[in-house]
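A single chain comes next, written as structure tokens; it is the form predicted alone.
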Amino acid sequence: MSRWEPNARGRLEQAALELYLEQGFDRTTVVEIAARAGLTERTFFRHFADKREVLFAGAGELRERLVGGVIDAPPSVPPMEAVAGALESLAQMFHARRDLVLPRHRVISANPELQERELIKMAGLAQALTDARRRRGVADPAARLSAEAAIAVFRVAFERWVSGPERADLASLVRSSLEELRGAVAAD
């Protein structure tokens, strides 16, 4: 494959995931990733700061989509329903990228350092969601509590999705997990 073919970033992501799964994250080098993608090491570093960033480069897009879903919801939509809609939007994005999301999850699950990085990413999403809830007029501590709960709902739904049948719908799992949380809180 010529290094001048389009979609260098996508090719690098695919090559990295394949290598991480074949030989482990720690044993994979940037040189190997670039070679597998038919590109140079220099091209790799034009797209990613390091080999971890292949797995976490989409965090900004997630944050934008989550926050945008809350902020852009019509004023008539109750704040928690705006959050639910934003989570479903994330779920649709994940579903569309299932062929990358599932291997990414396997790689992260196999490496404690990457698990820590994933938790940091989730904390950042919770903070961004807290700020978005505040912008919609939700006061503290409700803004933070509901944002943290929403991220927990998404994580539970995501775990159910990756371990469930291939045809499972992540957006449906988000809705059902949110309903389960509502039921658990109401029961207490």
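Throughout, rigid core stands for the largest set of C-alpha atoms superposing within 1.5 Å between the two forms. These numbers were taken from a predicted model, which means no experiment stands behind them. In this text, residue numbers run from 1 along the sequence as written.
Separately, the form predicted together with another copy of the chain exists; it is not shown, and the next lines address it.
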*asked:* Check for me whether another copy of the chain, as it appears in the predicted complex, comes within 4.5 angstroms of all of Pro78, Ile120 and Arg160 - heavy atoms only.
replied: yes
*Would you mind picking the one in Ala57, Val30, Leu145, Ala49 that has a heavy atom within 4.5 Å of another copy of the chain in the predicted complex?*
Leu145
*Examine Asp169 and determine whether its closest non-hydrogen atom to another copy of the chain in the predicted complex is within 4.5 angstroms.*
no
*Non-hydrogen atom contact Ala132 with another copy of the chain in the predicted complex at 4.5 angstroms*: no
*Closest heavy atom of Ala149 to another copy of the chain in the predicted complex, within 4.5 Å or not?*
yes
_Considering non-hydrogen atoms and a 4.5 Å limit, does another copy of the chain approach Ser177 in the predicted complex?_
yes
*Segment assignment from 22 to 30, 60 to 68, 37 to 45, 134 to 142: heavy atom within 4.5 Å of another copy of the chain in the predicted complex*: 134 to 142
*For the stretch 151 to 187, return the residues whose heavy atoms include at least one within 4.5 Å of another copy of the chain in the predicted complex, in the order they occur.*
Ala152, Val153, Arg155, Val156, Glu159, Arg160, Ser177, Glu180, Leu181, Arg182, Ala184, Val185, Ala186, Ala187
*Against the rigid core, is the Cα displacement of Ala49 between the shown form and the other one at least 2 Å?*
yes
